[in-house]
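Next up is one chain by itself, shown in structure tokens, the form predicted on its own.
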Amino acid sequence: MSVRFAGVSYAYHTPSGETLAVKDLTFEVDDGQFVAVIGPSGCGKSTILSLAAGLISPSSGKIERGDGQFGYMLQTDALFPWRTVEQNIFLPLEIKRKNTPEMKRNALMLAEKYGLAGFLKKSPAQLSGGMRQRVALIRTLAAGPQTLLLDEPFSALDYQTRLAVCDDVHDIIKKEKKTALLVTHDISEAIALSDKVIALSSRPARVVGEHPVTFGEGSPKKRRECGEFAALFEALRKELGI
């Protein structure tokens, strides 16, 4: 088990009063599993990632976490333009005081393994949007997290690039045997990438459906080509009230 929510609710306070963001959430992400959480914009999806990471504490209920560390991948690649690709990849090692020769070697091995060897001395401005996202993922992996928290990491990309990067990120995460929790509002993306899709209501977010994804041999591209894809898309659309 990587992370388990048991009856979790969370309320935040504003000048106008208390707002309930999520209510009675119960679901589990197993080790090595890729889980997508999908829901309407503003329903509290990003709050779920903050709760999973322990950045905020639930108002009620319980969150259990495995022993592994968590890594965050954001909506934008957030690469520092004044640092090279290599320096950006080393950033989490510096922040977490893990900037040892061994950890730096491991980070560079990951970069080379996934096609960044020729880009390490370049600046982020010299890279395409898809390549920048690959750098962002390798940077997230550099510090050795077991579970990746993905906050709509493809939303800033155009459609064609998005499809390619989805396949790219899924492939790297599975090859590195990592656990992933993705939040998205894109039904197709959720189905294509995940082993399980959890559907949420509008705020306060509640679980309204949970669907294992077992077709397409685990490949995002093959899943999109399966007949089962359309059936699950329709089921999720109805659950989301779209």
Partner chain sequence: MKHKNTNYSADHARYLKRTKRGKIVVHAVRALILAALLGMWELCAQTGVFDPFITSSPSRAAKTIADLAAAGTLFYHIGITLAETVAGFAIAVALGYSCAVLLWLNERVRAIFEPYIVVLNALPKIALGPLIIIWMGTGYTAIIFMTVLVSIIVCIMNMLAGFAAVDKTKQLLLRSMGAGRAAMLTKLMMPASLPAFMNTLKVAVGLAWIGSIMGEYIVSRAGLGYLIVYGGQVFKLDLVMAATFILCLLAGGMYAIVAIIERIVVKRRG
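Positions refer to the first chain, counted from 1. It should be emphasised that the depicted structure is a prediction, and the values quoted were computed from it without experimental measurement.
Keep in mind that the form predicted in complex with the partner chain is not shown, yet the notes after this line are about it.
Here the marked residues 74, 96 and 139 all reach the partner chain in the predicted complex, each with a heavy atom within 4.5 angstroms. Think of it this way: in the predicted complex, the partner chain has a heavy atom of just one of 120, 110, 127, 78 within 4.5 Å, and the residue is 78. Only one of 164, 103, 91, 156 lies close to the partner chain in the predicted complex, with a heavy atom inside 4.5 Å, and it is 91. The partner is not drawn, yet in the predicted complex one stretch among 33 to 41, 180 to 188, 66 to 74, 203 to 211 has residues with heavy atoms inside 4.5 Å of the partner chain: 66 to 74.
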